[in-house]
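Have a look below at one chain only, the form predicted alone, in C-alpha cells format.
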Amino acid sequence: MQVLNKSNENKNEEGILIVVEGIDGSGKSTQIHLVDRWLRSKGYDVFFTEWNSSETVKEITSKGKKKASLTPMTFSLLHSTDFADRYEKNIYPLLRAGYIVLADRYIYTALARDTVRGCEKSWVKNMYNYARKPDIVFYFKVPIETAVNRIISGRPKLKHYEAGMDLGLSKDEYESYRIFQGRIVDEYESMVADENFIVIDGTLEIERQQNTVRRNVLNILKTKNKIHDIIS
C-alpha cells in the first residue's frame, strides 16, 4: 500500500479535520454524530470516518482477534495499515477537496493504546508522521468508573483485546478492562497540553457538551472562512 509522502502534507488542503478522542464510554461518538447531522443540515460537505473501519484490513484483523494471536506490535501494525488505507482513499483526498472530515478517533488512539501495550511511543508516532494534524481535537474526559459502567452495563461479555486480556493485567476480564482503560486515560492526559486537546466534561448533559463542541467548531469555520450565513 502506498502511503502519502509527508512532504505533500497540507499542500493545497482546504478542508477541515475535526477529531474526537476518549476512552470507550466517554460519549465521544454520540457527540461527533450530532456534529455530523448539524453540519450536513447546514449544507456543508461532510465525511465521517471511524477507527478500525477499513474494509481492506477488517477481515485480517478480525481473524487475528478471534484467534487471540496478535502481538502488541502486530496489533499496532494492523491498525496503522487500516488508518493508512482510509487516509489515502478518503481522508486526504476529501480534505483537499474542501470537505469537513469528522474522525471518531485518530492517530492519538494508536499513541495511547499501543503505548499501553508496550510499543515504543516514538516508533508509533513515526508510523503516522504523514498524517495531517487536525484543526481541532476534542478529548472527552470522564471518570474511569463512569466510562466502564457505561460499557459493561450493556455487554454480557467483553472481547479479549477490548478488555486488555492480552496484557495479563488480571484474570478477571472486567478488572482487566478497568486497569487497561485507566492506563489509556493516563496516556491521553499526557497528550492534552502538547496536542492542544479541547477537554470536554463527558459527565455533563449531552446538550451542554454539544453546545461547547459547536462553539469551538464555529470558531474553526470562521478561521478557515468556511462559515455559512445560515449556520446557527
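The shown structure was predicted, so the numbers you read here are calculated from the model rather than taken from an experiment. Each residue number is its position in the shown sequence, starting from 1.
Just so it is clear, the following notes concern the form predicted together with a small molecule, a form of the same protein that is not shown.
From the list 39-47, 160-168, 25-33, 186-194, the contact stretch for the small molecule in the predicted complex under a 4.5 Å heavy atom rule is 25-33.
Residue in contact with the small molecule in the predicted complex (any heavy atom within 4.5 Å), chosen from 150, 121, 96, 133: 150. At least one heavy atom of residue 206 is located within 4.5 Å of the small molecule in the predicted complex.
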